[in-house]
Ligand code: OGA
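Only one chain is included here, represented as structure tokens and corresponding to the form predicted alone.
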């Protein structure tokens, strides 16, 4: 990236990329170098950008197929299905369904069968103070556990549940009910191997209800420990937003939190894309289905895996 610099902004993760204008087409060569920096730093910040939803989509597509947000259609941009609007601005006198989005530690769309690969978020309006986003490095969270705990977690799977989204019920009964209907509980491994780096990352966050094969009572203390361990300050980069920032992060090895420490009377308006995941989980309902129903579900998953490999 001639004329472009990558400057680390955090020990655990995070780097600022200077000297690139995302409103202009990005070559495949530059996109490849951005991808390398992304794998190294996990969170990339492109400050001072002025892009519209279509330009955000064009840039994001360099890093894979994009999510169309069918599992949360009430959050989509009115003109672009691949763009989610995250804002506290009211629409038709009603609060936005995303006015309190992301305010517990999570990985984007982990409650779906194909969780997001990466996310790119563009800040258009922000409060005068606050409204930061915190990112935790889940490679480090896993690697600093004891070998015995690592071995135990390597064999576990977690049940991710959209009903654990903090503040979901405050968005209104209709929105909450539809969110849960479109996003039934899913199963993902407690530890994932990043397909590009080969490193193991903890994949447990505050939207995990329990572990497969363990009761909720048995699971809760372990989930609590892992969630607290994974967001220790030494693993965290806190991003202080400026208008024009574009931030992209890797959901396969990070968890993050939208900090709600700002005056809700001030506007916060952001647009987001998410890359479709390169891995498929399983529906809890399919696990509990009758044997006659299982082949259909398995076939669908097999078809999805084949599609990912093509």
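Residue numbers count along the first chain shown, from 1. Computed from a predicted model, the values in this text were never measured in an experiment.
There is another form of this protein, the form predicted in complex with N-oxalylglycine (OGA), and it is not shown here; the text below is about that form.
- Comment: N-oxalylglycine (OGA) is not present in this chain, but in the predicted bound form one of 56, 43, 258, 34 has a heavy atom within 4.5 Å of it, namely 258.
- A heavy atom within 4.5 Å of N-oxalylglycine (OGA) in the predicted bound form is found for one listed residue only; from 187, 80, 86, 145, this is 86.
- Partner proximity in the predicted bound form, defined as non-hydrogen atoms within 4.5 angstroms of N-oxalylglycine (OGA), places exactly one of 179 to 187, 149 to 157, 125 to 133, 211 to 219 at the interface: 125 to 133.
- Contact check at 4.5 Å (heavy atoms) against N-oxalylglycine (OGA) in the predicted bound form: all three of 102, 108 and 249 pass.
- Interface residue remark: residue 236 is not counted as part of the site for N-oxalylglycine (OGA) in the predicted bound form, having no heavy atom within 4.5 Å.
- Under a 4.5 angstroms non-hydrogen atom cutoff, N-oxalylglycine (OGA) in the predicted bound form lacks residue 191 among its neighbouring residues.
- Contact check for residue 121: a non-hydrogen atom falls within 4.5 Å of N-oxalylglycine (OGA) in the predicted bound form.
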